[in-house]
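What follows is one chain in structure tokens, specifically the form predicted on its own.
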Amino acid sequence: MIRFLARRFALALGTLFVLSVVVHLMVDTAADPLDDLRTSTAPNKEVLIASRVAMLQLDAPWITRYWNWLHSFIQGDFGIAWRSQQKVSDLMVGAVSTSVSLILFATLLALLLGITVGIVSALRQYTTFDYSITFVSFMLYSLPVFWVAVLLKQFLAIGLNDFLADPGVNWLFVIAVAVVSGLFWAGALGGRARRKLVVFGTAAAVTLATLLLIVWSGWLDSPQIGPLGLGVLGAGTALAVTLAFAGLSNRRALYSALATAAVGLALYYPLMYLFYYYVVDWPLLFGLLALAIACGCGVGWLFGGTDRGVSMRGGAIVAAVMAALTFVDRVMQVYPMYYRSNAIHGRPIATIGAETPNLGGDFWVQCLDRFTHILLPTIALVLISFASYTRYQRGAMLEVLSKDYIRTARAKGLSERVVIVRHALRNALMPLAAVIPVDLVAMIGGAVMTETIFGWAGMGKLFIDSLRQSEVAPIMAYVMITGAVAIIANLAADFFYALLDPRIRVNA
């Protein structure tokens, strides 16, 4: 193991060194820091040019400039953005946090949706549902992100803000959403024609009733989940998690999931008291989330019997969902105050920037503001990533389902849920274990356009601005950070493979 890590570390250092030489030479050759001064009409033009040449050492050989940068970089000094006279390290701290918050949230959401839909599509191979998902996936994958961003700004920002100003029922839109929902669930659940018809009617009716209730009840003016919604969603999550991982016949797993949901509901008002009257920050919230997951594991352990692992896993998932719903409910409660704020002007869905200038407000108002700004760029990234993850997962699942050990598991009389969840899914996730870490790096590069369009001061926008202004130091910092992340991602992919498949050993 030590020899393997040492070899990979040495290879990583060599790769980064070659990368730095090539990129620095390319940027130094292409960039012209004197471009603005060459066309200047200032009377002291020659003095300004000489001053900048001396400051940037443009009269020295390229290798001298590269060596000076490398010497500073090794010592932890990323240099200075000479136009703004700011340290690159200060610029990178804010840019990295902005990009990570956007990319991490979008990737997690795309993974959850892509893997789920990909599995269902594989199980419904060669059906209308499968063909529809394939068509939608290829269509989304081929869409340019800048065009998607423009459509999102038009329909999910301008259009939605106009709708929120005067909510009303658009019957064509509501009926279309209800029909699409019915078709989706009928195709996903499958079965005979009669069952599909029942599922379609039920899903369409529930969707239609929900949309009408949201508009007619005034929920859009003061949205919240509340204890009733939390109880319903918690019970539904408990049933869904138990059905997926244990089966409803496993009473201990079902009772542990329901008990965890009940505990989360019982803690609703104490947590609201804490959120209202005490100072809350992210470390406290993450601590409460860890405590909730630990409590869910504890409840699963108490109810688990001989198969405690399944019950503990279900309890942990339900506890995490209940904690997330409680947090979302508290954020939603500040929406009326946020909507009436002078800084918002009745347009809550933002189209540019990562936050509203001069907004003020407490922690919860800032969280809601952050969400309204991250909504559109997240959707743009999710739409593209969802398509690729769906195709990867569908192909991997179909390949696994054709294996001999799957046929053996079915021949032994195991239920289809056990065959899919415990035997097929783990092996079907192996290709994604190699794709996801590398795709994270690609999304950092892909977010260049997304951040530029939506005005996010992240890594991508910093890179573009530095290119336009011929600033070498920020560009090199961006390249070195993304290069290091790419190398770490490849190493992580190797370990994920070994984690999912015990036959793979590091020494191999």
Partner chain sequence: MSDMESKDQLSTRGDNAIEIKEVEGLSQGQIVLRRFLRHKGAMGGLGVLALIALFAFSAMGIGPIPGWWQYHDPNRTHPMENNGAPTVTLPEWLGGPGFSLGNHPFGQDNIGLDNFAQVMSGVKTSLLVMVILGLTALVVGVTIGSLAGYFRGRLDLWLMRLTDLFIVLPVIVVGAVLGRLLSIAGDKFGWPREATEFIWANMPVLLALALGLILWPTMARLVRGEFLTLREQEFVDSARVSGASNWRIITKHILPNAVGVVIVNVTLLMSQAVVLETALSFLGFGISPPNVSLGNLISVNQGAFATRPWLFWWPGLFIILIALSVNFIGDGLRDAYDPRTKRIPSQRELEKATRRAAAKIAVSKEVEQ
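None of the values given here were measured: they were computed from a predicted structure. Numbering follows the first chain given and starts at 1.
Beyond what is shown, the protein has a form predicted together with its partner chain; the following relates to that form.
Using a 4.5 angstroms limit between non-hydrogen atoms, L143 touches its partner chain in the predicted complex.
Under a 4.5 angstroms non-hydrogen atom cutoff, its partner chain in the predicted complex has I464 among its neighbouring residues. Taking the partner from the other structure, its partner chain in the predicted complex has no heavy atom within 4.5 Å of any heavy atom of E46. Using a 4.5 Å cutoff between non-hydrogen atoms, E399 counts as a contact of its partner chain in the predicted complex. Using a 4.5 Å cut-off to its partner chain in the predicted complex, not one of L109, D281 and C297 places a heavy atom inside that distance. Stretch 147-155 is the answer when you ask which of 163-171, 325-333, 147-155, 257-265 has residues with heavy atoms within 4.5 Å of its partner chain in the predicted complex.
Among the residues H373, R391, H423, R124, the one placing a heavy atom within 4.5 Å of its partner chain in the predicted complex is R391.
Residues of 25-62 placing a heavy atom within 4.5 Å of its partner chain in the predicted complex, in sequence order: M26, V27, D28, T29, A30, A31, D32, D35, R38.
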